[in-house]
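Shown next are two forms of a single protein chain, provided one at a time as structure tokens under the names structure 1 and structure 2.
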Structure 1
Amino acid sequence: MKIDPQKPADLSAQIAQAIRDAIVSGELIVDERLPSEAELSDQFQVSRPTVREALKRLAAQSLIRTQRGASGGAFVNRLSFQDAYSQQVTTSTLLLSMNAVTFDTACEARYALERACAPMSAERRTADQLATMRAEIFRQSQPGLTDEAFCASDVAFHRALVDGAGNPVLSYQLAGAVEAMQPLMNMITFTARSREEIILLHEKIADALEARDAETVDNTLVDLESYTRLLAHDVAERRRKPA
């Protein structure tokens, strides 16, 4: 593991990258103890506070864990998909908010990814996942439910659909689509949407999943995408009109 002290990049960032690369390449394996701060300081020819900052960066990404005591130190972590979800959501949110991504582009990507899960979800969904979807539909129908709560329920409903595919890699990849894109879409369309219309579509999806009818799940997701795009266009049109 090496760094270039002549590069303008933060030295702690370089050290974190070097250790990250060693983990990814298999040079450092899961549960292996990293060299001590003093040893890393000597290896990279930097101060111990710089090493400490690099280790903090790696811990924040769940790549390492620290243990106290005589047998303690920093160890390569066994990263789970669940641990990585929040990073995926944060990255997706930033990409969508900081780049010129149109609503239609985001909507197209979000539903194309979710529809890819439909056949597997129809085959593999569990009773618990169906129960979650039914519970969220009931929650969405409650009078007085705030827009924020409706949005959170909407995300939970689609999260259950995606997780129903029973594929952790897909669930991870779709975390950004469902938990980042969906709230942003709701923020744009909530003033125009009909909760009743969305609930009807959600009920149709849940019924089709229970019947293991993948085609109807897919077709209903297409209908939901069309309705979402229509809402966004209506909102944009109203904003263009003078008050």
Structure 2
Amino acid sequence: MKIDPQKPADLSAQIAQAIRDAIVSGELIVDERLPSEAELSDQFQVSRPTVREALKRLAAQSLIRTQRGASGGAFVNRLSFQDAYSQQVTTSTLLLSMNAVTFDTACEARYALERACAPMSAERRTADQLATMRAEIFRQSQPGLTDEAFCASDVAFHRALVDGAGNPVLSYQLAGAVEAMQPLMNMITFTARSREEIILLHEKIADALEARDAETVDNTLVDLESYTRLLAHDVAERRRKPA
């Protein structure tokens, strides 16, 4: 692990990259202890604050964790699905909000990915996951629910659908796509009528999953996508000419 003090980049960024490379390449393995901050500053010939800035960069990516006290230090962290998942949600959310991604583009991506799960979910969904979906559908039918709560329940419903595929990699990848949509979905104001329609489609999906009928799940997801986009277009229309 070496750095080039002549490079224009910050020393702390270079050091972070060097350690990151060592972790990704497997040179440093999970739970292995890094040298202490004092030793690292010796190795890289920089001061301790600079080393610390580098370590904080890595900690922000959940690549290392630190412990205080004797026999403490920085340890290579096992990246959990949970950690990766929350990072992905943050990144995806910002990406959509900062880059003016249209509702249609995000919606298309989301449902395309979700439909990819549908056949596996129909085959493998557990009774537990089905129960979660039913519970969320029930929640969605409660009167007096705010639009935000309705959206949150919608996300939970779809998350259960995705988890039904029983593939953690799929669940992780799709978490970002589904959750990142929530801020965009929140722009929609759901009328009682449109909530009813969505709940009907959700019930149809749950029924089809129960019957392990992949084709109906897929078709209903297509319907749900069309309906969601229709609602969004109505909102956009009303914004343009607020009669």
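We call the rigid core the largest set of C-alpha positions that still match within 1.5 Å between the two forms. All residue numbers here follow the sequence of structure 1, with the first residue given the number 1. Since this is a predicted model, take the numbers as computed values, not measurements.
J.: Given the two isolated forms of this chain, which one is the form predicted on its own?
T.: If we ask which form is the one predicted on its own, the answer is structure 1.
J.: Verify the C-alpha shift of Q67 between structures 1 and 2: is it 2 Å or more after superposing the core?
T.: Yes; Q67 is a residue whose C-alpha shifts (by 2 Å or more) between structures 1 and 2 when the cores are overlaid.
J.: Comparing between structures 1 and 2 on the rigid core: C-alpha of L28 shifted by 2 Å or more?
T.: Not so; L28 is displaced by less than 2 Å.
J.: Indicate whether I15 shows a C-alpha shift of 2 Å or more between structures 1 and 2, with the rigid core used for the fit.
T.: Yes, I15 moves 2 Å or more.
J.: Mind pulling the C-alpha shift for R57 between structures 1 and 2, with the rigid core superposed, in Å?
T.: Reported C-alpha shift between structures 1 and 2: 2.9 Å at R57.
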